[in-house]
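Each of two forms of one protein chain follows alone as structure tokens, named structure 1 and structure 2.
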Structure 1
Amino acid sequence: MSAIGKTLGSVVTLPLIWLARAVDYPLRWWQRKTGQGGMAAAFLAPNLAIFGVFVLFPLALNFVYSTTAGTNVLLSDRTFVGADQYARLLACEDYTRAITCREDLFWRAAGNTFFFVILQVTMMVVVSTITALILNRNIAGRGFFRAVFFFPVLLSPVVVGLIWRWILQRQGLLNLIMVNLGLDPEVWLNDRTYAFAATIGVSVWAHMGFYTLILLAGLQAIPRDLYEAAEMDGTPPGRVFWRITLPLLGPNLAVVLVLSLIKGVQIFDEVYVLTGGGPGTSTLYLTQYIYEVGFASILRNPGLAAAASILMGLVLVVLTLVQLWLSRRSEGKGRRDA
């Protein structure tokens, strides 16, 4: 190593050495007083403080807002109303008919979100699993195709929405291709069914690369000798998939299911750019409803938006706990069967 290299190394490492010596004595004193548990708490404290400031405090503030009314932003200018905002959201004669509810837009958004999550998560899991199975095979250009499927994940949701808006709008790329093929153009984003389907398709296209990588990692962790033993026994490919691949891929599928469910409920950016919630309220989802009620509407109501977000968060927590319970129960059953 040259003299210049040694000098630069000393300049970089010397402050770190001084810092380590400075904190060494107080850390040793703390360890003598509290033991290993105290040391773990001391190292976790900065992260917990950041978590408290940026997660727990906003959650508590959001709950406080949900108990107030008015259009003012400052809490000192708002009126305490208790659970009135929750009662307003839940006031409904028939929960299957949004028009009978006091906040019919909230229930329309909740219904749209429910069907969106069911269809989008199902498609996401199926498409990601099929893609991972294909990319796990020894095909030509495998590295290239892995990059291609992951590329949309790197795009901003706004860019994704704009790209697909240019493709699906009345004078967009898709209609241009259809006209050149002698077909009649369609108004994809002005038709309720097409627009709803487009939001699902675009969401799957934008996020499937991330879930495919998770499943691909799970597939590559399955021991190859299991497949070799199945091949020697002459086991059909379908039976190999159902009896070996799918059970061993279960933990990864559970992760994909939970993450895609949470992401599906939180859908906003690309749909807002793509359809703006229309036509009508056909693609109005809960997150957009909360945004418009809390910030975009002329008669904004931050308290009502906060109450809606609290209810949405509670539903997410319940769904996540149910899915984790089911996945752990499935893993336990699998271990007992083994």
Structure 2
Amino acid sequence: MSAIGKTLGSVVTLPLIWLARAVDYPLRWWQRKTGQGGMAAAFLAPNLAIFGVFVLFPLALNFVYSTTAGTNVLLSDRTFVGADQYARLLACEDYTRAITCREDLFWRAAGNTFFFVILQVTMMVVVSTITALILNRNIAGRGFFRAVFFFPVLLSPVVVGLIWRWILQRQGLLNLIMVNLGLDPEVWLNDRTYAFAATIGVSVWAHMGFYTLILLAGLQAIPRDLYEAAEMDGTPPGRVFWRITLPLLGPNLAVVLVLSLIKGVQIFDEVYVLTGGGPGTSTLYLTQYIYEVGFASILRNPGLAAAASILMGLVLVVLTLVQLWLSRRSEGKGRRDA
């Protein structure tokens, strides 16, 4: 077994080692010519080049796209329309009713995403906090149970979507349970409310293990002597939770809150496989809207998709800044405490 592993390992590593030796000669020449500064540039070059071409340049290009119209992706075939795409997205008679908007699909997606994020994040924070508190107790098999809750995090969104589609379908496991409980079976994903609820439940199922781990790390960092002191004073457990655990877990809770907000706004993969945005538009979220307008549907309009993605990006930037601010604050606090 290990012999096979070794052979396989050398198949992958040998070419890399040869490559590394070959690269050494030109780099030595470069080092003689430019010194350490030049070497720093050489080491940074591959990563920054890929960064530049595939992240920074597209980021700038996005603004250009959002000011053009047409169905062709080639920029030379597109016409400049200024802020028309934004105006189209934002044109609404009554912002509470998507049907009155010029781009009603966008508003439906935005509204769905809004309610999805509110409900999903609330559920995520509550469920992962409870799980972390329980896993932090002195119980047998803690490592095992920690792994249990973490397991779905590694599954691919497509697999997650398919697993749940299979369970929620007409002849699925959930209906088997319903029938055994004496209830009527349902076609869950054909019902607007149930489908919406399913997207929330499934995404919590898939990602809660990740947030639980962050909270668990926070709980384990709380000094034990605080609890011992509280026990000496005979403080009731409820009070210990509200006065010690929750305040000291605060920074981690904030990180979980913002991270799950950021992830929630971008929800796509598992929902796309689970419901495809349906029934109707009841589980159509922003990223799917951008994907469909940009690439898939007959209403293809890359400029509109770019404008919508910039609006979504603005929300994400605000959320990320909040996160950076929070983590810096908690770091500063940690340093003061130490």
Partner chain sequence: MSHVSQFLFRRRGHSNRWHWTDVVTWLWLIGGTILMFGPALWLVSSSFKGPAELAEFPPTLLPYQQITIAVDGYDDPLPLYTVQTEDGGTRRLAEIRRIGTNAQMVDPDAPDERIDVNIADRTPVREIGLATENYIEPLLANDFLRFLWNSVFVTTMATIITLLTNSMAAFALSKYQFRGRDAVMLIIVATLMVPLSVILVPLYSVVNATGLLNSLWGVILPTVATPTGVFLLRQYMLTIPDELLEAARMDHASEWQIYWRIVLPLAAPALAVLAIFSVVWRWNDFLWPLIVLSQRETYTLQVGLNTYAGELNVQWHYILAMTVVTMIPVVLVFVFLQRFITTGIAGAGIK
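Please note that residue numbering is based on structure 1, beginning with 1 at the start of its sequence. Nothing here was measured: the structure is a model prediction, and the numbers come from that model. We call the rigid core the largest set of C-alpha positions that still match within 1.5 Å between the two forms.
Here the chain coming from the form predicted together with the partner chain is structure 2, while structure 1 comes from the other form. Relative to the superposed core, Trp30 undergoes a Cα shift of 2 Å or more between the two structures. In the core-superposed comparison between the two structures, the C-alpha atom of Phe43 has shifted by at least 2 angstroms. Once the rigid core is overlaid between the two structures, Asn180 counts among the residues whose Cα shifts by 2 Å or more. Core-based superposition between the two structures puts the Cα shift at Ala20 at 13.5 Å.
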